[in-house]
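Just one chain is shown here, as C-alpha coordinates, and it is the form predicted on its own.
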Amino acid sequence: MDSEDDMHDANDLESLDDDFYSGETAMGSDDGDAGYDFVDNESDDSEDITSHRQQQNYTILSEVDIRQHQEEDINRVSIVLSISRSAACILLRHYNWSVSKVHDEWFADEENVRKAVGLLENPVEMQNARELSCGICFENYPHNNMSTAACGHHFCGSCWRGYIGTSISDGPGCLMLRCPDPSCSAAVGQDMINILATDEDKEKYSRYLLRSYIEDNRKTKWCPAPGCDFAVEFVMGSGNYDVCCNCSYNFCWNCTEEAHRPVDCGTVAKWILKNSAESENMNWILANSKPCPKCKRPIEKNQGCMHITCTPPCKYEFCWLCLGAWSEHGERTGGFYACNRYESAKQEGAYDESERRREMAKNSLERYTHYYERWATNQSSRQKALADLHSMQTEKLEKLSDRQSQPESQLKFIIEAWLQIVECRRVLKWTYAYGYYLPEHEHAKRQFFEYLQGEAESGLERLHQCAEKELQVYLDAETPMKDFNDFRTKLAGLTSVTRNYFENLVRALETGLKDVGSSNSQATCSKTSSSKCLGGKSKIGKIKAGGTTSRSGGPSRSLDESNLWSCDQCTYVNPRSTNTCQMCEHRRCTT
(Lines give C-alpha, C1' and ligand atoms only; values in the text may rest on other atoms or scores of the structure.)
Protein backbone atom coordinates (compact mmCIF):
# COMPACT_ATOMS: atom_id res chain seq x y z
CA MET A 1 0.00 0.00 0.00
CA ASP A 2 1.39 3.43 -0.92
CA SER A 3 2.40 5.72 1.91
CA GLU A 4 0.82 9.12 2.57
CA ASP A 5 3.89 10.87 1.14
CA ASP A 6 3.51 8.92 -2.09
CA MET A 7 -0.09 10.07 -2.35
CA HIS A 8 1.02 13.68 -1.88
CA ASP A 9 3.72 13.17 -4.52
CA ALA A 10 1.17 11.81 -6.97
CA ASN A 11 -1.13 14.75 -6.30
CA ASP A 12 1.74 17.17 -6.96
CA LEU A 13 2.44 15.54 -10.31
CA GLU A 14 -1.25 15.50 -11.22
CA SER A 15 -1.53 19.19 -10.36
CA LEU A 16 1.44 19.90 -12.63
CA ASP A 17 -0.28 18.01 -15.45
CA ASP A 18 -3.53 19.84 -14.80
CA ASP A 19 -1.74 23.19 -14.91
CA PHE A 20 -0.05 22.27 -18.16
CA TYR A 21 -3.28 21.43 -19.98
CA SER A 22 -5.66 23.80 -18.20
CA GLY A 23 -3.96 26.95 -19.48
CA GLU A 24 -2.30 27.95 -16.21
CA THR A 25 1.05 27.61 -17.89
CA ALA A 26 2.54 30.73 -19.34
CA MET A 27 1.37 29.67 -22.79
CA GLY A 28 -2.17 30.53 -21.91
CA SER A 29 -1.59 33.01 -19.06
CA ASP A 30 -1.30 36.75 -18.95
CA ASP A 31 2.44 36.54 -18.42
CA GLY A 32 3.13 36.10 -22.12
CA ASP A 33 5.66 33.39 -22.68
CA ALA A 34 7.18 33.39 -19.21
CA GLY A 35 6.57 29.69 -18.72
CA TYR A 36 8.29 28.93 -22.02
CA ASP A 37 11.56 30.73 -21.41
CA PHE A 38 13.29 28.10 -23.52
CA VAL A 39 11.52 29.40 -26.64
CA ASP A 40 13.39 32.68 -26.46
CA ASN A 41 16.69 30.83 -26.65
CA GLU A 42 15.48 28.25 -29.10
CA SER A 43 17.68 29.44 -31.95
CA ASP A 44 20.85 29.16 -29.86
CA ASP A 45 19.86 25.78 -28.47
CA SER A 46 18.92 24.43 -31.88
CA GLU A 47 22.26 25.56 -33.31
CA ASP A 48 24.12 23.80 -30.49
CA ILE A 49 22.06 20.64 -30.96
CA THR A 50 22.49 20.73 -34.73
CA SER A 51 26.26 21.16 -34.47
CA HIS A 52 26.39 18.33 -31.94
CA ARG A 53 24.42 16.02 -34.20
CA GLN A 54 26.57 16.89 -37.19
CA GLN A 55 29.65 15.59 -35.37
CA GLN A 56 28.98 12.07 -36.57
CA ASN A 57 31.54 9.42 -35.82
CA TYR A 58 30.59 7.30 -38.81
CA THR A 59 30.14 7.47 -42.59
CA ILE A 60 27.44 5.72 -44.61
CA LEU A 61 28.82 3.97 -47.69
CA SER A 62 26.87 2.98 -50.80
CA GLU A 63 28.09 0.25 -53.14
CA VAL A 64 29.73 2.88 -55.32
CA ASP A 65 31.51 4.34 -52.29
CA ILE A 66 32.70 0.89 -51.19
CA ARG A 67 34.17 0.10 -54.61
CA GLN A 68 35.86 3.49 -54.71
CA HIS A 69 37.41 2.99 -51.25
CA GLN A 70 38.51 -0.50 -52.22
CA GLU A 71 40.14 0.68 -55.45
CA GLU A 72 41.92 3.49 -53.63
CA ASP A 73 43.40 1.08 -51.08
CA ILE A 74 44.51 -1.35 -53.80
CA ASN A 75 46.14 1.44 -55.81
CA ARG A 76 47.89 2.83 -52.74
CA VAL A 77 49.44 -0.53 -51.83
CA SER A 78 50.31 -1.25 -55.45
CA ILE A 79 52.16 2.07 -55.83
CA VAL A 80 53.99 1.99 -52.49
CA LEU A 81 55.15 -1.64 -52.79
CA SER A 82 55.66 -1.53 -56.57
CA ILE A 83 53.59 -4.66 -57.21
CA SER A 84 50.66 -5.42 -59.49
CA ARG A 85 47.11 -4.50 -58.49
CA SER A 86 46.20 -8.19 -58.35
CA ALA A 87 49.06 -8.88 -55.92
CA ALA A 88 48.09 -5.81 -53.85
CA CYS A 89 44.51 -7.12 -53.65
CA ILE A 90 45.77 -10.53 -52.41
CA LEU A 91 47.89 -8.83 -49.73
CA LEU A 92 45.06 -6.61 -48.53
CA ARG A 93 42.66 -9.53 -48.42
CA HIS A 94 45.15 -11.52 -46.30
CA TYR A 95 45.59 -8.63 -43.82
CA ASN A 96 41.87 -7.79 -43.60
CA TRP A 97 42.13 -4.72 -45.85
CA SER A 98 44.39 -2.84 -43.44
CA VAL A 99 46.79 -0.75 -45.56
CA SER A 100 48.99 0.12 -42.58
CA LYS A 101 49.23 -3.55 -41.56
CA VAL A 102 50.29 -4.53 -45.11
CA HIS A 103 53.00 -1.86 -45.13
CA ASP A 104 54.30 -2.79 -41.68
CA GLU A 105 54.48 -6.52 -42.40
CA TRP A 106 55.91 -6.11 -45.91
CA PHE A 107 58.76 -3.82 -44.91
CA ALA A 108 59.49 -5.90 -41.79
CA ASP A 109 59.85 -9.23 -43.62
CA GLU A 110 58.93 -9.26 -47.29
CA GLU A 111 60.04 -12.86 -47.84
CA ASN A 112 57.79 -14.31 -45.15
CA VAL A 113 54.87 -12.20 -46.33
CA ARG A 114 55.26 -13.45 -49.90
CA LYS A 115 55.42 -17.03 -48.65
CA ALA A 116 52.32 -16.60 -46.48
CA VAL A 117 50.13 -15.18 -49.24
CA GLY A 118 51.56 -17.15 -52.18
CA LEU A 119 53.24 -14.34 -54.11
CA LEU A 120 56.37 -15.55 -55.88
CA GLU A 121 59.20 -13.04 -56.18
CA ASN A 122 60.40 -14.52 -59.49
CA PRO A 123 57.48 -15.83 -61.59
CA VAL A 124 58.09 -18.97 -63.64
CA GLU A 125 57.42 -18.76 -67.37
CA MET A 126 55.31 -21.47 -69.03
CA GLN A 127 57.24 -23.90 -71.21
CA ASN A 128 57.70 -22.67 -74.75
CA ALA A 129 56.52 -25.84 -76.51
CA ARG A 130 54.09 -26.27 -79.39
CA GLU A 131 51.84 -28.61 -77.34
CA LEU A 132 51.55 -29.04 -73.60
CA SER A 133 49.88 -31.64 -71.42
CA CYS A 134 47.21 -30.42 -68.96
CA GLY A 135 48.05 -31.37 -65.37
CA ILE A 136 44.40 -32.16 -64.57
CA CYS A 137 42.86 -33.94 -67.59
CA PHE A 138 46.24 -35.02 -69.06
CA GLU A 139 45.12 -34.06 -72.55
CA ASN A 140 47.50 -32.34 -74.99
CA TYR A 141 46.57 -28.81 -76.06
CA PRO A 142 48.23 -26.11 -78.15
CA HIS A 143 50.37 -23.65 -76.22
CA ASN A 144 47.89 -20.80 -76.60
CA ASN A 145 45.10 -22.91 -74.97
CA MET A 146 47.07 -23.35 -71.76
CA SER A 147 47.28 -20.95 -68.80
CA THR A 148 49.44 -20.82 -65.69
CA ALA A 149 49.77 -18.92 -62.45
CA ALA A 150 53.10 -17.40 -61.39
CA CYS A 151 54.34 -20.89 -60.48
CA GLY A 152 54.45 -22.15 -64.10
CA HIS A 153 52.03 -25.09 -63.60
CA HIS A 154 49.99 -25.12 -66.81
CA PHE A 155 46.39 -26.32 -67.23
CA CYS A 156 43.92 -26.13 -70.07
CA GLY A 157 41.21 -23.47 -70.21
CA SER A 158 38.39 -25.96 -69.59
CA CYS A 159 40.00 -27.32 -66.40
CA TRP A 160 40.76 -23.83 -65.16
CA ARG A 161 37.11 -22.78 -65.63
CA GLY A 162 35.89 -25.89 -63.83
CA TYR A 163 38.36 -25.39 -60.95
CA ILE A 164 37.54 -21.69 -60.56
CA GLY A 165 33.78 -22.28 -60.94
CA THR A 166 33.78 -25.00 -58.24
CA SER A 167 35.77 -22.78 -55.86
CA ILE A 168 33.44 -19.80 -56.39
CA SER A 169 30.38 -22.02 -55.86
CA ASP A 170 31.84 -23.10 -52.51
CA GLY A 171 31.73 -19.52 -51.20
CA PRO A 172 34.06 -16.67 -50.21
CA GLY A 173 36.96 -19.09 -49.81
CA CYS A 174 37.60 -18.55 -53.53
CA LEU A 175 39.24 -15.24 -52.60
CA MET A 176 42.19 -17.26 -51.27
CA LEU A 177 42.44 -19.48 -54.35
CA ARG A 178 45.76 -21.27 -54.94
CA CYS A 179 47.25 -23.19 -57.85
CA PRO A 180 45.41 -26.47 -58.67
CA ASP A 181 48.65 -28.41 -58.23
CA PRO A 182 48.46 -29.99 -54.73
CA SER A 183 52.12 -29.31 -54.03
CA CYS A 184 51.94 -25.63 -55.03
CA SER A 185 50.79 -22.67 -52.93
CA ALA A 186 51.00 -19.94 -55.59
CA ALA A 187 48.07 -17.49 -55.36
CA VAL A 188 45.52 -17.13 -58.14
CA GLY A 189 44.51 -13.47 -58.36
CA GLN A 190 41.58 -11.56 -59.78
CA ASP A 191 43.45 -10.97 -63.07
CA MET A 192 43.36 -14.71 -63.86
CA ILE A 193 39.74 -14.95 -62.70
CA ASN A 194 38.76 -12.22 -65.17
CA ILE A 195 40.54 -14.03 -68.01
CA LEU A 196 39.50 -17.65 -67.35
CA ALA A 197 36.15 -17.64 -65.50
CA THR A 198 32.66 -17.41 -66.98
CA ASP A 199 30.75 -14.11 -66.78
CA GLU A 200 28.53 -15.49 -64.01
CA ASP A 201 31.51 -16.63 -61.94
CA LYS A 202 33.29 -13.32 -62.48
CA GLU A 203 30.23 -11.49 -61.13
CA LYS A 204 30.08 -13.76 -58.07
CA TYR A 205 33.79 -13.31 -57.41
CA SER A 206 33.42 -9.54 -57.65
CA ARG A 207 30.55 -9.64 -55.10
CA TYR A 208 32.59 -11.78 -52.72
CA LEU A 209 35.50 -9.35 -53.00
CA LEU A 210 33.22 -6.39 -52.32
CA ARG A 211 31.65 -8.04 -49.30
CA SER A 212 35.08 -9.04 -48.03
CA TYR A 213 36.09 -5.38 -47.93
CA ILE A 214 33.28 -4.71 -45.45
CA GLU A 215 33.08 -7.97 -43.50
CA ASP A 216 36.82 -8.49 -42.96
CA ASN A 217 37.56 -4.85 -42.15
CA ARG A 218 37.19 -4.06 -38.45
CA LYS A 219 36.24 -0.45 -39.27
CA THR A 220 33.24 -1.28 -41.43
CA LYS A 221 30.00 -3.23 -41.10
CA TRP A 222 26.87 -3.77 -43.14
CA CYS A 223 23.65 -2.18 -41.98
CA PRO A 224 21.70 -5.08 -40.37
CA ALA A 225 18.32 -3.88 -41.69
CA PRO A 226 16.70 -6.45 -44.04
CA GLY A 227 17.31 -5.61 -47.68
CA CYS A 228 19.66 -2.70 -46.95
CA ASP A 229 22.84 -2.52 -49.08
CA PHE A 230 24.50 0.34 -47.22
CA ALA A 231 27.62 -0.14 -45.12
CA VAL A 232 28.95 1.96 -42.25
CA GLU A 233 32.52 3.09 -41.67
CA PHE A 234 32.99 3.83 -37.98
CA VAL A 235 35.58 5.89 -36.11
CA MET A 236 36.74 3.60 -33.33
CA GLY A 237 37.03 4.86 -29.76
CA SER A 238 34.42 7.57 -30.09
CA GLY A 239 32.22 6.26 -27.26
CA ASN A 240 28.71 6.53 -28.75
CA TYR A 241 27.87 3.46 -30.85
CA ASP A 242 24.51 4.66 -32.20
CA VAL A 243 24.32 4.69 -36.00
CA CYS A 244 21.51 5.95 -38.25
CA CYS A 245 21.72 4.41 -41.71
CA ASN A 246 20.45 6.11 -44.85
CA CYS A 247 17.65 3.52 -44.90
CA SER A 248 16.40 5.16 -41.63
CA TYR A 249 17.31 2.13 -39.51
CA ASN A 250 19.04 2.92 -36.21
CA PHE A 251 21.38 0.31 -34.80
CA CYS A 252 24.26 -0.15 -32.39
CA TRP A 253 27.65 -0.46 -34.07
CA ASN A 254 29.07 -2.62 -31.31
CA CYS A 255 26.46 -5.42 -31.25
CA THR A 256 24.47 -4.63 -34.46
CA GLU A 257 21.19 -4.85 -32.54
CA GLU A 258 18.77 -1.95 -32.85
CA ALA A 259 19.96 1.25 -31.16
CA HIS A 260 19.49 0.78 -27.43
CA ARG A 261 20.93 3.71 -25.50
CA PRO A 262 21.00 4.04 -22.51
CA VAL A 263 21.26 0.25 -22.03
CA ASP A 264 24.64 -1.39 -22.63
CA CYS A 265 25.12 -4.20 -25.16
CA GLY A 266 25.48 -6.88 -22.48
CA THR A 267 22.12 -6.02 -20.94
CA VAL A 268 20.48 -6.00 -24.37
CA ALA A 269 21.88 -9.46 -25.12
CA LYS A 270 20.53 -10.79 -21.80
CA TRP A 271 17.13 -9.16 -22.37
CA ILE A 272 16.73 -10.51 -25.91
CA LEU A 273 17.80 -13.97 -24.77
CA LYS A 274 15.33 -13.85 -21.91
CA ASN A 275 12.50 -12.83 -24.26
CA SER A 276 13.20 -15.81 -26.51
CA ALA A 277 14.33 -18.40 -23.96
CA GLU A 278 12.28 -21.26 -22.57
CA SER A 279 13.07 -20.23 -19.00
CA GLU A 280 9.99 -18.02 -18.73
CA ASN A 281 7.80 -20.86 -20.01
CA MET A 282 9.15 -23.06 -17.22
CA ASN A 283 8.55 -20.28 -14.71
CA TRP A 284 4.95 -20.00 -15.89
CA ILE A 285 4.43 -23.76 -15.64
CA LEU A 286 5.94 -23.80 -12.16
CA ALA A 287 3.89 -20.82 -11.00
CA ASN A 288 0.52 -21.81 -12.47
CA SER A 289 0.42 -25.61 -12.51
CA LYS A 290 1.03 -28.69 -10.40
CA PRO A 291 2.29 -32.12 -11.54
CA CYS A 292 -0.08 -35.06 -11.57
CA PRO A 293 0.97 -37.29 -8.59
CA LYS A 294 0.87 -40.35 -10.87
CA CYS A 295 2.16 -39.41 -14.35
CA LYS A 296 3.87 -36.10 -13.37
CA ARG A 297 2.39 -34.14 -16.30
CA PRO A 298 1.77 -30.46 -15.38
CA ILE A 299 -1.89 -29.52 -14.88
CA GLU A 300 -3.32 -26.01 -14.83
CA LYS A 301 -6.38 -25.28 -12.71
CA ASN A 302 -8.10 -21.99 -13.49
CA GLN A 303 -11.58 -22.61 -12.04
CA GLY A 304 -13.82 -25.17 -10.37
CA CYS A 305 -13.48 -27.35 -7.30
CA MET A 306 -10.47 -29.22 -5.89
CA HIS A 307 -11.41 -32.55 -7.52
CA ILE A 308 -8.96 -33.02 -10.42
CA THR A 309 -9.00 -35.83 -13.00
CA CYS A 310 -5.87 -36.20 -15.14
CA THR A 311 -6.30 -36.60 -18.89
CA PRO A 312 -6.27 -40.06 -20.53
CA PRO A 313 -4.56 -42.46 -20.43
CA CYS A 314 -3.70 -41.58 -16.81
CA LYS A 315 -7.18 -40.59 -15.52
CA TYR A 316 -5.86 -40.34 -11.96
CA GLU A 317 -8.22 -38.50 -9.59
CA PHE A 318 -6.65 -36.42 -6.87
CA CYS A 319 -7.05 -33.37 -4.64
CA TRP A 320 -5.58 -30.17 -6.09
CA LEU A 321 -4.45 -28.85 -2.70
CA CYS A 322 -2.76 -31.83 -1.04
CA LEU A 323 -2.25 -33.95 -4.23
CA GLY A 324 -3.65 -36.98 -2.36
CA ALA A 325 -5.96 -39.60 -3.92
CA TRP A 326 -9.51 -38.30 -4.23
CA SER A 327 -10.86 -41.62 -2.94
CA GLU A 328 -9.54 -40.59 0.49
CA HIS A 329 -11.41 -37.28 0.39
CA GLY A 330 -15.00 -36.36 1.10
CA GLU A 331 -17.14 -34.40 3.48
CA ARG A 332 -14.85 -35.24 6.39
CA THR A 333 -11.89 -33.55 4.67
CA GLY A 334 -13.76 -30.36 3.76
CA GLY A 335 -15.79 -31.30 0.70
CA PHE A 336 -15.08 -30.24 -2.88
CA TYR A 337 -13.78 -26.72 -2.19
CA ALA A 338 -11.46 -27.23 0.79
CA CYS A 339 -9.02 -29.77 2.19
CA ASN A 340 -8.43 -30.20 5.92
CA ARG A 341 -5.46 -32.46 5.27
CA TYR A 342 -3.73 -29.75 3.29
CA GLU A 343 -4.33 -27.10 5.94
CA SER A 344 -3.00 -29.28 8.77
CA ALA A 345 0.01 -30.41 6.72
CA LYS A 346 0.71 -26.81 5.74
CA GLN A 347 0.74 -25.76 9.39
CA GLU A 348 3.26 -28.49 10.06
CA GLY A 349 5.48 -27.15 7.25
CA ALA A 350 5.03 -30.09 4.89
CA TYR A 351 4.50 -27.87 1.83
CA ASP A 352 6.88 -25.04 2.72
CA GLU A 353 9.54 -25.81 0.10
CA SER A 354 7.18 -26.47 -2.83
CA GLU A 355 5.04 -23.44 -1.97
CA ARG A 356 8.11 -21.29 -1.62
CA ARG A 357 9.41 -22.35 -5.03
CA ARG A 358 6.00 -21.76 -6.60
CA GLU A 359 5.70 -18.34 -4.97
CA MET A 360 9.19 -17.36 -6.11
CA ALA A 361 8.42 -18.45 -9.66
CA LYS A 362 5.16 -16.52 -9.61
CA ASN A 363 6.82 -13.34 -8.32
CA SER A 364 9.61 -13.66 -10.87
CA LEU A 365 7.12 -14.15 -13.68
CA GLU A 366 4.98 -11.21 -12.58
CA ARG A 367 8.03 -8.95 -12.39
CA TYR A 368 9.25 -9.98 -15.83
CA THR A 369 5.76 -9.58 -17.31
CA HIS A 370 5.49 -6.09 -15.83
CA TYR A 371 8.65 -4.89 -17.57
CA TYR A 372 8.16 -6.83 -20.78
CA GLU A 373 4.62 -5.57 -21.39
CA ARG A 374 5.75 -1.96 -21.04
CA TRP A 375 8.81 -2.61 -23.19
CA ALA A 376 6.59 -4.11 -25.91
CA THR A 377 3.97 -1.35 -25.58
CA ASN A 378 6.54 1.37 -26.19
CA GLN A 379 7.85 -0.60 -29.16
CA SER A 380 4.31 -0.66 -30.60
CA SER A 381 3.91 3.06 -29.89
CA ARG A 382 7.18 3.74 -31.68
CA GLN A 383 6.02 1.81 -34.75
CA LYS A 384 2.76 3.78 -34.71
CA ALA A 385 4.72 7.04 -34.41
CA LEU A 386 6.87 6.04 -37.39
CA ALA A 387 3.73 5.42 -39.44
CA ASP A 388 2.30 8.80 -38.34
CA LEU A 389 5.59 10.49 -39.25
CA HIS A 390 5.47 8.97 -42.73
CA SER A 391 1.85 10.07 -43.13
CA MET A 392 2.76 13.58 -42.01
CA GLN A 393 5.65 13.81 -44.48
CA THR A 394 3.73 12.45 -47.46
CA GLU A 395 0.18 13.74 -46.97
CA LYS A 396 -0.71 15.90 -43.98
CA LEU A 397 2.07 18.49 -44.21
CA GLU A 398 0.90 19.63 -47.64
CA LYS A 399 -2.70 19.73 -46.42
CA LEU A 400 -1.73 21.77 -43.36
CA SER A 401 0.24 24.16 -45.56
CA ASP A 402 -2.86 24.81 -47.64
CA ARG A 403 -5.25 25.15 -44.69
CA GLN A 404 -3.04 27.52 -42.67
CA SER A 405 -1.50 29.37 -45.65
CA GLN A 406 1.98 28.51 -44.46
CA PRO A 407 4.89 27.36 -46.68
CA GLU A 408 6.02 23.82 -45.94
CA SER A 409 9.48 25.12 -45.07
CA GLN A 410 7.87 26.86 -42.08
CA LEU A 411 6.28 23.62 -40.86
CA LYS A 412 9.47 21.66 -40.27
CA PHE A 413 8.93 22.04 -36.52
CA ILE A 414 6.17 19.41 -36.82
CA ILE A 415 8.50 16.87 -38.46
CA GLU A 416 11.10 17.63 -35.77
CA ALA A 417 8.48 16.92 -33.11
CA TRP A 418 7.57 13.54 -34.63
CA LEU A 419 11.22 12.57 -35.05
CA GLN A 420 11.74 13.38 -31.38
CA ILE A 421 8.71 11.30 -30.40
CA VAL A 422 10.10 8.30 -32.31
CA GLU A 423 13.50 8.66 -30.64
CA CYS A 424 12.01 9.13 -27.16
CA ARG A 425 9.82 6.05 -27.57
CA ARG A 426 12.95 4.04 -28.33
CA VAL A 427 14.78 5.38 -25.27
CA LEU A 428 11.76 4.86 -23.03
CA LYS A 429 11.38 1.30 -24.30
CA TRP A 430 14.91 0.36 -23.29
CA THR A 431 14.61 2.00 -19.86
CA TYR A 432 12.33 -0.91 -18.93
CA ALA A 433 15.10 -3.39 -19.75
CA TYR A 434 17.41 -1.17 -17.68
CA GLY A 435 14.96 -1.22 -14.77
CA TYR A 436 14.54 -5.00 -14.91
CA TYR A 437 18.25 -5.58 -14.37
CA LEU A 438 18.69 -2.80 -11.81
CA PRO A 439 19.69 -4.57 -8.55
CA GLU A 440 16.83 -4.87 -6.08
CA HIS A 441 19.01 -4.01 -3.10
CA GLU A 442 19.97 -0.59 -4.50
CA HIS A 443 16.79 1.03 -3.25
CA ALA A 444 17.92 4.65 -3.69
CA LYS A 445 18.91 4.11 -7.31
CA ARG A 446 15.72 2.21 -8.06
CA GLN A 447 13.54 4.92 -6.53
CA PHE A 448 15.36 7.69 -8.35
CA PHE A 449 15.27 5.74 -11.63
CA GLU A 450 11.52 5.12 -11.37
CA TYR A 451 10.93 8.80 -10.66
CA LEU A 452 13.01 9.88 -13.68
CA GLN A 453 11.30 7.28 -15.85
CA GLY A 454 7.86 8.48 -14.78
CA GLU A 455 8.75 12.11 -15.47
CA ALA A 456 10.13 11.18 -18.90
CA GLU A 457 6.99 9.25 -19.78
CA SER A 458 4.79 12.13 -18.62
CA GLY A 459 6.73 14.67 -20.69
CA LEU A 460 6.67 12.46 -23.76
CA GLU A 461 2.91 11.98 -23.51
CA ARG A 462 2.49 15.78 -23.43
CA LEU A 463 4.56 16.15 -26.58
CA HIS A 464 2.76 13.25 -28.28
CA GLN A 465 -0.67 14.66 -27.47
CA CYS A 466 0.29 18.09 -28.75
CA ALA A 467 1.73 16.72 -32.02
CA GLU A 468 -1.17 14.35 -32.61
CA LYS A 469 -4.45 15.62 -31.16
CA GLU A 470 -3.89 19.36 -30.89
CA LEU A 471 -2.47 19.49 -34.42
CA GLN A 472 -5.61 17.82 -35.76
CA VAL A 473 -7.61 20.96 -34.98
CA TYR A 474 -5.53 22.94 -37.48
CA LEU A 475 -5.68 20.14 -40.05
CA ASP A 476 -9.49 20.12 -39.87
CA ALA A 477 -9.84 23.92 -40.01
CA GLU A 478 -11.35 25.32 -43.20
CA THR A 479 -9.62 28.69 -42.90
CA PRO A 480 -6.29 29.81 -41.34
CA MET A 481 -6.50 30.05 -37.55
CA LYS A 482 -5.07 33.07 -35.72
CA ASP A 483 -3.52 31.05 -32.88
CA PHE A 484 -1.46 28.79 -35.16
CA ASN A 485 1.70 30.70 -34.27
CA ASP A 486 0.95 30.06 -30.59
CA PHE A 487 0.67 26.35 -31.40
CA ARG A 488 3.99 26.53 -33.26
CA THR A 489 5.66 28.06 -30.20
CA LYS A 490 4.14 25.47 -27.88
CA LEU A 491 5.07 22.42 -29.99
CA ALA A 492 8.60 23.67 -30.71
CA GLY A 493 9.07 24.38 -27.02
CA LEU A 494 7.81 20.95 -25.96
CA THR A 495 10.11 19.33 -28.52
CA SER A 496 13.11 21.22 -27.15
CA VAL A 497 12.53 20.51 -23.47
CA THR A 498 11.64 16.87 -24.09
CA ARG A 499 14.83 16.41 -26.10
CA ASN A 500 16.90 17.98 -23.32
CA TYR A 501 15.24 15.88 -20.63
CA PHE A 502 15.77 12.62 -22.49
CA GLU A 503 19.39 13.48 -23.30
CA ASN A 504 20.00 14.11 -19.58
CA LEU A 505 18.17 10.89 -18.72
CA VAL A 506 20.31 8.87 -21.13
CA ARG A 507 23.52 10.36 -19.73
CA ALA A 508 22.44 9.65 -16.16
CA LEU A 509 21.56 6.02 -16.88
CA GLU A 510 24.71 5.43 -18.93
CA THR A 511 26.78 6.48 -15.91
CA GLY A 512 24.83 4.03 -13.75
CA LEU A 513 23.22 6.78 -11.63
CA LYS A 514 26.60 6.92 -9.92
CA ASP A 515 25.73 10.05 -7.92
CA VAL A 516 22.86 8.28 -6.18
CA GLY A 517 24.27 6.64 -3.08
CA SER A 518 22.78 4.78 -0.14
CA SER A 519 19.75 5.84 1.85
CA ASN A 520 21.76 8.55 3.62
CA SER A 521 22.96 10.16 0.38
CA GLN A 522 22.18 13.72 -0.54
CA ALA A 523 19.20 14.78 -2.62
CA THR A 524 19.09 13.64 -6.20
CA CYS A 525 16.20 15.33 -7.93
CA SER A 526 13.34 17.72 -7.31
CA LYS A 527 9.94 17.75 -8.88
CA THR A 528 10.27 21.50 -9.31
CA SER A 529 13.29 21.23 -11.60
CA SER A 530 11.92 18.22 -13.45
CA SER A 531 8.60 19.90 -14.15
CA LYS A 532 10.46 22.93 -15.50
CA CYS A 533 12.51 20.65 -17.71
CA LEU A 534 9.37 19.09 -19.13
CA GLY A 535 7.66 22.38 -19.83
CA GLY A 536 5.15 22.56 -16.98
CA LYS A 537 4.57 25.53 -14.72
CA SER A 538 6.89 25.43 -11.71
CA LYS A 539 5.40 24.41 -8.40
CA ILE A 540 7.03 23.67 -5.08
CA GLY A 541 7.06 19.91 -4.57
CA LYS A 542 8.85 17.50 -2.33
CA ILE A 543 12.54 16.96 -2.93
CA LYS A 544 13.36 13.37 -3.81
CA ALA A 545 16.07 11.97 -1.60
CA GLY A 546 17.83 8.64 -1.52
CA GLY A 547 15.30 7.29 0.95
CA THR A 548 12.13 8.69 -0.59
CA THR A 549 9.26 6.31 -1.02
CA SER A 550 8.62 5.13 -4.57
CA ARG A 551 6.70 2.32 -6.24
CA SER A 552 9.15 -0.16 -4.79
CA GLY A 553 8.39 1.00 -1.26
CA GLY A 554 10.66 2.20 1.53
CA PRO A 555 11.03 4.93 4.15
CA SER A 556 10.32 8.55 3.28
CA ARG A 557 11.55 11.89 4.46
CA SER A 558 11.45 15.50 3.30
CA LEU A 559 14.35 17.91 2.88
CA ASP A 560 14.55 21.63 3.47
CA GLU A 561 14.47 23.08 -0.05
CA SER A 562 16.10 26.32 1.13
CA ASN A 563 19.37 24.41 1.60
CA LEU A 564 19.39 23.14 -2.00
CA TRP A 565 19.82 24.56 -5.49
CA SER A 566 18.89 23.05 -8.86
CA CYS A 567 21.45 22.99 -11.67
CA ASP A 568 20.27 24.98 -14.72
CA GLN A 569 21.99 22.54 -17.08
CA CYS A 570 21.09 19.04 -15.82
CA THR A 571 18.43 19.79 -13.10
CA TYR A 572 20.45 17.88 -10.48
CA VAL A 573 19.72 19.11 -6.94
CA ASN A 574 22.85 20.11 -5.01
CA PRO A 575 23.48 21.30 -1.46
CA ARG A 576 23.69 25.10 -1.24
CA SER A 577 27.16 24.86 0.28
CA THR A 578 28.60 23.89 -3.15
CA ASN A 579 28.87 26.18 -6.18
CA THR A 580 29.56 23.41 -8.73
CA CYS A 581 26.99 20.81 -9.80
CA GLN A 582 27.96 17.36 -8.53
CA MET A 583 26.41 15.72 -11.62
CA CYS A 584 27.69 17.76 -14.60
CA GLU A 585 30.22 20.10 -12.90
CA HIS A 586 28.35 23.14 -14.22
CA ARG A 587 28.94 26.23 -12.04
CA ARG A 588 25.97 27.79 -10.30
CA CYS A 589 24.87 31.16 -11.57
CA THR A 590 24.94 33.49 -8.56
CA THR A 591 23.71 36.62 -10.32
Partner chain sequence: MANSNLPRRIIKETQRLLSEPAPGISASPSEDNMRYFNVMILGPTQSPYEGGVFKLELFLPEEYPMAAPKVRFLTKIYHPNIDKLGRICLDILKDKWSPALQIRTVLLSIQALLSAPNPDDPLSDNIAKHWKTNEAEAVETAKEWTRLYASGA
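Since we're looking at a predicted model, the values are computed, not measured. Positions refer to the first chain, counted from 1.
One more form of this protein, predicted in complex with its partner chain, exists but is not displayed; see below.
Checked against its partner chain in the model of the complex, the candidates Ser409, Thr166, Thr479, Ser82 yield a single residue with a heavy atom inside 4.5 Å, and that residue is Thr166. The single contact residue among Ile136, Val506, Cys255, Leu397, judged by any heavy atom lying within 4.5 Å of its partner chain in the model of the complex, is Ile136. None of 222-230, 95-103, 180-188, 399-407 except one has non-hydrogen atoms within 4.5 angstroms of its partner chain in the model of the complex; the exception is 180-188. Mapping the unseen interface onto this chain, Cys159 counts among the residues with a heavy atom inside 4.5 Å of its partner chain in the model of the complex.
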